[in-house]
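Next comes just one chain, in C-alpha cells: the form predicted alone.
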C-alpha cells in the first residue's frame, strides 16, 4: 500500500509497534525524518541508524525547542549510529534487533535514515547486497515486534537497475509505504 505525504518539516508520522513503515522520498525524506526524530525524543528514547550521514542534531534541537526549553534532556534520549557500508548497516541492525528483544518495554523507536544508501554501492556485488538486505529484513521484523520502526528510502537512479532491484525488494517488504508528493513545477514566466 502506497500513501502520499507532503514532505514538509512540520509533518510527522505516528508509528506503532508491529508494523514496518517506509518513506520513499527524494533525499530519503530527510526533513521529515529529522522532525520525526525530534518528536519521538520529546516522548522517550529514539534509536537512529543513519545510512547516509543525514542526521543533523542542530536541526533536531531546533525542532525540539519549539516544544520545550529542556532541549538537552530530549537530545540525550537519541542514540545515533552511522553506517558507511552495507556490511556496517547489517551489523548495526543485527545489534539493534538483539538489544530490543532484551530491553524492558517500551523499547526505543527506531528510525533508519536512507537505508539503501549503503546498499547502492556498486563496489559490492548485487547478489551480496541482496543477501545482506534479506538479513536486514529479518532484523526489521524483530525490531518492529518490540518498537516502532520507520525506514526512509530514496528513489533509485534511472540508470542503475541494481538500485531499482534493491528498492523494489524493500517496497515489497514494507507493511506500509508513504511516498512524498513531487512538488509542482513552477510556471515559467513569459517574457513577451
Partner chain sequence: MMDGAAGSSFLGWVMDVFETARQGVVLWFLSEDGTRCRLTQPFPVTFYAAADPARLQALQHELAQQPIKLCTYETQRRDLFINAEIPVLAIEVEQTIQQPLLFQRLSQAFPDITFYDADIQLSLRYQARTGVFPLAYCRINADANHVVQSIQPLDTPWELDPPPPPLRILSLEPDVNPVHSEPTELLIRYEKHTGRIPLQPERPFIINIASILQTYDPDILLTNWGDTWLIDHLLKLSKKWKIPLPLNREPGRGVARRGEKVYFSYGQVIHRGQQVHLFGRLHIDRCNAMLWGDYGLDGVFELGRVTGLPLQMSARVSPGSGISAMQMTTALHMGVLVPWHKQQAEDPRSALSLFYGDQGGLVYQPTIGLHSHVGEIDFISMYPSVVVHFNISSETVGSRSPQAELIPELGMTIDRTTPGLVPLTLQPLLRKRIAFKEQILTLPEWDPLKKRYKMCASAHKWLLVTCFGYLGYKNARFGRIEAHQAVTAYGREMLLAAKDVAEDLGFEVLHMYVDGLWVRKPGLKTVHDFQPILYEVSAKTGLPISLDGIFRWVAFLPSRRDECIPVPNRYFGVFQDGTIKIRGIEARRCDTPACISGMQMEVLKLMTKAASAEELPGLLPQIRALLLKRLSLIQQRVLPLEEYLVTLKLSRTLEEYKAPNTPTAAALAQLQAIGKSLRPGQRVRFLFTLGNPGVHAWDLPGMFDPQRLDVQRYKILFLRAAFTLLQPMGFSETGLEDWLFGRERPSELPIDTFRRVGQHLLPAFGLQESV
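Predicted, not measured: the structure shown is a model, and the values here were computed from it. Residue numbers count along the first chain shown, from 1.
What comes next is about the form predicted in complex with the partner chain, which is not displayed.
Residue contact with the partner chain in the model of the complex: residue 94 places no heavy atom within 4.5 Å of it.
Residue 88 belongs to the set of residues with a heavy atom inside 4.5 Å of the partner chain in the model of the complex.
A residue is said to contact a partner when one of its heavy atoms sits within 4.5 Å of a partner heavy atom; residue 138 fails this definition for the partner chain in the model of the complex, lying far away.
Of the heavy atoms in residue 101, none are within 4.5 Å of the partner chain in the model of the complex. Segments offered: 128 to 136, 28 to 36, 160 to 168, 146 to 154. Contacting the partner chain in the model of the complex at heavy atom distances within 4.5 Å is 128 to 136. Within 4.5 angstroms of the partner chain in the model of the complex, the stretch 32 to 48 places no non-hydrogen atom at all.
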